[in-house]
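One chain comes next, on its own, written out as structure tokens in the form predicted alone.
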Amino acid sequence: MDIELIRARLNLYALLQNFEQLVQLDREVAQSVKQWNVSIQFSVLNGPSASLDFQNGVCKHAIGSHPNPAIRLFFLSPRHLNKMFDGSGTPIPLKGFSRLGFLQKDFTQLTERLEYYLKPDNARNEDGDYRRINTTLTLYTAAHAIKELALLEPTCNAVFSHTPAGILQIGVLPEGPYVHLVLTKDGISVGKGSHASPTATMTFRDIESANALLGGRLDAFQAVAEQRLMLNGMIPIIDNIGLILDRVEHYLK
């Protein structure tokens, strides 16, 4: 098992996709990116790649190669990429040298804002708006991480191989966020929003309950016992995805 490769895929596919929501949920960020028209490609030698495309205040994340990125950042190995995400490494720019100032200032400020939401403290979580954004980003990160771990991590792959096909919806009452996982024999795909006919559901009573469980401050058994988390439908799907979810924190710290 290549832990660095797993972490690289999580960084590119689970963490990086959060910029899509960040520009929608944070007013300050929405204002700062309103005039951005730039695409950034992240590529690992013989490894994973992904891109961010900022156009007219909207960010789109895509797996694979962008057809014509304004900025191309190259990494010699998964570890090289992971070091950048950890704040101790520097990418190799292959295109967009005139945009290096943008990367060092504007885009760095955006990544710091994402980190601000993904690494909360108790004081921040007292604020309702902050708590909702943190919960939304954490939920989407977890869903995409589950997809990758089910594919690559041996323990999670073994669990997934014994998981029935179906659709698991995870959501928060009364207004979301919602995400759904479509499970097939070939893997998992992630969809944002609710699903019309899920096979199984995990529904949090409120945003506080979801935030506490996703933040590791509430045990799932306690949440169910206190009816802060409601489980319905095909329980083997819920149980097995829950086991994979428990492994996410090991790779995303």
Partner chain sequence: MNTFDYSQSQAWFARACKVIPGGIYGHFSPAPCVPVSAYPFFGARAKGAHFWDVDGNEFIDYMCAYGPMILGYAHPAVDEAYQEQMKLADSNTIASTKMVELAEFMVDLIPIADWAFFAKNGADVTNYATMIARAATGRKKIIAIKGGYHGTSPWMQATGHHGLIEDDHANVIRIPWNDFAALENVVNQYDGQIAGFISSPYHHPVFADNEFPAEGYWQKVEQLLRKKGILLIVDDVRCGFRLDLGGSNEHFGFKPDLIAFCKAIGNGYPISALVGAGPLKSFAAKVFHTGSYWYSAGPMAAALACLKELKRINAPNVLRENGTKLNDGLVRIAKSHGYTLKVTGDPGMAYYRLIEDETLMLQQEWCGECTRRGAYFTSHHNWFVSTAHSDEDFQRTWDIADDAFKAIKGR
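For clarity, every value in this text was computed on a predicted model and none was experimentally measured. Numbering follows the first chain given and starts at 1.
The protein also exists as the form predicted together with the partner chain; that form is not presented, and the subsequent description refers to it.
- Though the partner is left out of this view, A123 does not reach within 4.5 Å of the partner chain in the predicted complex, counting heavy atoms only.
- In the predicted complex, the partner chain sits within 4.5 Å of a heavy atom of T155.
- Contact check for V159: a non-hydrogen atom falls within 4.5 Å of the partner chain in the predicted complex.
- Remark: P198 counts among the residues lining the partner chain in the predicted complex, judged by a heavy atom distance of 4.5 Å or less.
- A heavy atom within 4.5 Å of the partner chain in the predicted complex is found for one listed residue only; from N68, Q35, Q227, T184, this is Q227.
- Only one listed stretch (184 to 192, 25 to 33, 214 to 222, 46 to 54) carries heavy atoms within 4.5 Å of the partner chain in the predicted complex, and that stretch is 214 to 222.
- Residues Q227, L231, N232, G233, M234, I235, P236, L243, D246 are the members of 227 to 250 with a non-hydrogen atom no more than 4.5 angstroms from the partner chain in the predicted complex.
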